[in-house]
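Single chain ahead, by itself, as structure tokens, in the form predicted alone.
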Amino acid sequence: MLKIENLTKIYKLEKKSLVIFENISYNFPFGKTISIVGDSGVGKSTLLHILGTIDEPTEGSVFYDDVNILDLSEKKLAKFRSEHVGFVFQFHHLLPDFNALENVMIPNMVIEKDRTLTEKKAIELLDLVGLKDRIKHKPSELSGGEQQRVAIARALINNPKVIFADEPTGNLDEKTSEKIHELLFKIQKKYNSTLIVVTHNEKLAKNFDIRLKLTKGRLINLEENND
């Protein structure tokens, strides 16, 4: 369902170029959990952002169901992103003036979906992440773990085929991190989605179906967990 071919990312500096990765190709299987590990600064987040259509490569292709999304117009790409991709960032990026329910509803409101149906779905998702009793609370009234749970619910509002998570527990304590990780796996299994997570947590990475490592500009398959 998701495939990259000859993907290259180069940043142009004043007098030289910085190659982040070059000519990487990989098929991401549908319905699997996939971790991407690597040292700081190797381009893991950049790769994830390109896969999630919020950044562009210097060269190469990104295919969803055999359609190269890089060929889409900005309008069609935005529509595709809103309908097929969910993103969970290290920083939750919740809007401070809106409560949990409103924050989860925002992606659907942007594309003018039915408000009543959106609210019903948002409440179901907040219940799924254990926050049904906190739907009227604003971010400042929630703990860090609760805020990230709201962000996860928001990422699911449009039933995405692929869920991307960029260091989703990087700012949380170990106990809270474990709960968020368990929640992500639970959601992936419930919706049979593809879950792709960038992480520095080697312990977490070993729990994924597939472990990839970005190193020296190459994407390496470390192993597949077939247990």
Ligand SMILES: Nc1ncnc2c1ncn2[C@@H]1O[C@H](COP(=O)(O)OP(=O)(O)OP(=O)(O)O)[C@@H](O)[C@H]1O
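Quick caveat, the model's predicted, so the values are computed rather than measured. Start at 1 with the first residue shown and count on from there.
Same protein, other form: the form predicted together with this ligand, not shown, and the subject of what follows.
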Non-hydrogen atom contact D39 with this ligand in the model of the complex at 4.5 angstroms:
yes
Report whether the minimum heavy atom distance between S177 and this ligand in the model of the complex is within 4.5 Å.
no
Heavy atoms within 4.5 Å of this ligand in the model of the complex: does I210 have any?
no
For P168, is any heavy atom within 4.5 Å of this ligand in the model of the complex, or not?
no
Among N158, S45, T194, N201, which has any heavy atom within 4.5 Å of this ligand in the model of the complex?
S45
Which of 45-53, 65-73, 184-192, 23-31 lines the interface with this ligand in the model of the complex (heavy atom within 4.5 Å)
45-53
Going by heavy atoms, what in 137-156 lies within 4.5 angstroms of this ligand in the model of the complex?
none
